[in-house]
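Only one chain comes next, encoded as structure tokens, the form predicted on its own.
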Amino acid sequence: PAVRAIRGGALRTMAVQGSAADLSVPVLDLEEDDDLEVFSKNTSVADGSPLPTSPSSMTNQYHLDREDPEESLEQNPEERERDLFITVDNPESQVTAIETFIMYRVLTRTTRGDFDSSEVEVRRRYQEFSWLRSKLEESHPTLIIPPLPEKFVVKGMVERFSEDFIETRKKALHRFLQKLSVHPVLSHSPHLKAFLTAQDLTPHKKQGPGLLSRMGDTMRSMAQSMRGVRGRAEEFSSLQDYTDRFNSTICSVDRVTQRVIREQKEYLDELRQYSPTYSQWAELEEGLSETLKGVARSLDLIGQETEGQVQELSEVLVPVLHEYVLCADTLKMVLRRRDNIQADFEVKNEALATRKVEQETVRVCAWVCVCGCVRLQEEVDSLADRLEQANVALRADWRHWRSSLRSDIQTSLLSTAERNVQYYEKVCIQYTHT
């Protein structure tokens, strides 16, 4: 159902200027039980014909809509011609007198002329990835910046320096930079270039607003959030509603998937205890020995397949689901920043209207009112331009994000579906042979 919901509502390419975001796409509906068919029905199975034997035979019955080649490139931004390739690998532990942390190699290959070399290698720690994301948010407040993995806990792993934790974080950081490398705007950010090429980021970190300035911006944002906006366009209200529903749904899917993995692991533990029991039993029953040994062998093989199924869920589906759980929070922040820009505009516009009324009714010190109106008008015009730029940027990036969502979810769900088909076919074969 998740694949169908996304496939059926994929956004089509729209012009950036003057076009409203298409919000007709339904979110994944977990309560919709009247349409649970992901694969097309094959009546030959119902007529008694043998089940398909190819591992991908069932998944091949499900055909995605295929658009023209040009539209396909727009739907999947990662299929466009690329000129920037980034790899995160080779994590190494660094121990100092103060702390212990992990450094990752970031290898960049590019054909862009503004890079001094076609291949650059630097080493970065998590804090520097976080710095990059903060600078991108600061420079592009209404773009949907890809999320970073949580700082201390990744999918329930508490030990920060365990091999599983480091490997999971490495993959998440790699995916973060991959998303940036194919983004039409963020891939050309000077902050990203500095991150990829500068051996020492310290001079770049010193640039930007100071602590007091950031605190002032935060306080102003909180005040504007409490005040709210009065004239929000319907398209952004719909986007807010979608974000709330998407957040609820993707969190539910992620939570249920985690529960399925836990239950499968428990089932795997039971299988590992179950098989030796049949082997021991075979030693007691001479007449049933071969049959019982066959059951034990089948249970061993089924356990191996179950382990592969759990691995598929953990390494293919869960990371994508969790990334979009974090993306839902990012969407909320982006909409809040857009609303803050509009709230600032509305406050200044109301102040300008009040000042104009005062100018007409109060004749004393009229020149003071005139000067104040001119300054306010300039501020209002500037904020109006900033609001329009924010709206245009959000509309365009919304389409880019939707395309990535569609591609990521489809790929992970279809891969998981194919692995499940392989699992059940092999299990059926084992029981049949037994």
Partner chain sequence: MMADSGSEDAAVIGNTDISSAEAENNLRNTMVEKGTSLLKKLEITVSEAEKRTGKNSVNMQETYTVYLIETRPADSGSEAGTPVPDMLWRRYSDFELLRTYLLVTYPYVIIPPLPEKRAEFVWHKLSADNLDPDFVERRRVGLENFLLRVASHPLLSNDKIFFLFLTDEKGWRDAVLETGFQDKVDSRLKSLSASFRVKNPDKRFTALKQYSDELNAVISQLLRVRARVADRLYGVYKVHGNYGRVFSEWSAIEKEMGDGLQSAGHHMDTYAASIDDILEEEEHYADQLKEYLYYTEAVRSVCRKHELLQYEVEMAAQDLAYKKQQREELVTGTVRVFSLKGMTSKLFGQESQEQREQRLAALEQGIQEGEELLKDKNHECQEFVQSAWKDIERFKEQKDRDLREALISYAIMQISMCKKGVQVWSNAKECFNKM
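Numbering follows the first chain given and starts at 1. Please read these numbers as outputs of a predicted model, since none were measured by experiment.
Beyond what is shown, the protein has a form predicted together with the partner chain; the following relates to that form.
Interface membership of residue 284, defined by any non-hydrogen atom within 4.5 Å of the partner chain in the model of the complex, is confirmed. When the partner chain is considered in the model of the complex, residue 270 lines it closely, a heavy atom lying within 4.5 Å. Although the partner is absent here, residue 263 lies within 4.5 Å of the partner chain in the model of the complex, judged by heavy atoms.
Heavy atoms of residue 393 never reach within 4.5 Å of the partner chain in the model of the complex, leaving it off the interface. Contact annotation: of the candidates 198, 333, 347, 256, the single residue with a non-hydrogen atom within 4.5 angstroms of the partner chain in the model of the complex is 256. Only one of 182, 295, 122, 102 lies close to the partner chain in the model of the complex, with a heavy atom inside 4.5 Å, and it is 295.
This chain is displayed without the partner chain, yet in the model of the complex the stretch 287 to 295 from 142 to 150, 350 to 358, 114 to 122, 287 to 295 comes within 4.5 Å of it by heavy atoms. Contact with the partner chain in the model of the complex holds for all three of 249, 428 and 431, each having a heavy atom within 4.5 Å. Shown without its partner, the chain has 405, 406, 409, 410, 413, 414, 417, 418, 420, 421, 424, 425 in segment 405 to 426 as residues with a non-hydrogen atom within 4.5 angstroms of the partner chain in the model of the complex.
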